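Take a look at this one chain, the form predicted on its own, written out in structure tokens.
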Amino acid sequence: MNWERLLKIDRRVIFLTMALAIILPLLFPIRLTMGVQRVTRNLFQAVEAIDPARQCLLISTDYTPQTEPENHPMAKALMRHGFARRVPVLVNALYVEGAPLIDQAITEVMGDFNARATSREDSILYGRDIVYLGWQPPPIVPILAMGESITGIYPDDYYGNRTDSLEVMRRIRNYADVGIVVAITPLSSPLWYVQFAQTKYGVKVGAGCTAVCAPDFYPYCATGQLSGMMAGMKGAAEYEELVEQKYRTGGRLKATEGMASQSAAHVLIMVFVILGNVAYFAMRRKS
């Protein structure tokens, strides 16, 4: 084999090969079989334990377009889970930059469910099944204030409706009516909820974080301060699979599709590294 030629390969060939490895699995989705981490299953079980008649699921978001590929599927998977169980879903945004992304996610998931609905009872209705509370600065203020009154800190929702006029908000007052808060983030907001909301009001807290942040949260999962976690795109894909296996909600599973692309890219990088090292040592031995 011509090792010298391999070492001098045009970098544009490598870039093109990598682009194909990323793009092709997205154009032709492949569903990979994945094991489910305990922390992901624990979060799923925590949402399963919510009593739809008296509790809601609160999804707290502070991600922006930079981390959308990892965080966005997490928010949508949680919404699908809540809708499938008929658990009321409240959503807030801790930072204004990500607020429009949440609106997009709500519209998409509601559309998937309502496309299959045959009656009003089967449909997902805004105000009855989901409320988008919107954004209130700074983050610590709404985290603490929701322990006393959710409608007090969010008098109007993202769309300008009076929150106290919405059907579900007549029985969801504060953290006492929240089954679990799941913070979707590339930052430390799950720990803010643990430090301020859980310590003072006893609410359960879960996390959906980028892969690079996951090591910071595993100790909190081990102690039970976090009820569970989705770690990176893989965690989002695991949660999508758990929801889909039990409820068959339909819709595109973006994290599951993304895992095939991500895996192909990782394998290709390893192949390039191995070939480069083999070629280097072969040329060194030859010289």
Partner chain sequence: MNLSTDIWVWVGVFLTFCIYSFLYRDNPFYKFGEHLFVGVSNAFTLSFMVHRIIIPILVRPFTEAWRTAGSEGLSAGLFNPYAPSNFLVIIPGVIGCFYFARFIPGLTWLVRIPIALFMGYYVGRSVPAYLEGSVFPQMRGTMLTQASFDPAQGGILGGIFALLVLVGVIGTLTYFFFSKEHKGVVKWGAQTGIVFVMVGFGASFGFTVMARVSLAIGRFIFILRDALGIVT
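Positions refer to the first chain, counted from 1. All values derive from a computational prediction rather than experimental measurement.
Form predicted in complex with the partner chain: not shown, discussed below.
- Within this chain, E70 lines the site of the partner chain in the predicted bound form, having a heavy atom no more than 4.5 Å away.
- Interface membership of Y126, defined by any non-hydrogen atom within 4.5 Å of the partner chain in the predicted bound form, is ruled out.
- Taking the partner from elsewhere, Y159 is found to have every heavy atom lying beyond 4.5 Å of the partner chain in the predicted bound form.
- For the chain shown alone, T223 is a contact residue for the partner chain in the predicted bound form, at least one non-hydrogen atom being within 4.5 angstroms.
- Partner contacts here mean any heavy atom within 4.5 Å of the partner chain in the predicted bound form, and among 160-168, 110-118, 188-196, 77-85 they occur only in 188-196.
- In terms of contact with the partner chain in the predicted bound form, the residue from I172, I180, I106, A214 that brings a heavy atom within 4.5 Å is A214.
- Within 4.5 angstroms of the partner chain in the predicted bound form, the stretch 117-149 places a non-hydrogen atom from each of W135, L144, taken in sequence order.
- Cα of I269 to Cα of D216: at least 3 Å shorter in the predicted bound form than in the shown structure.
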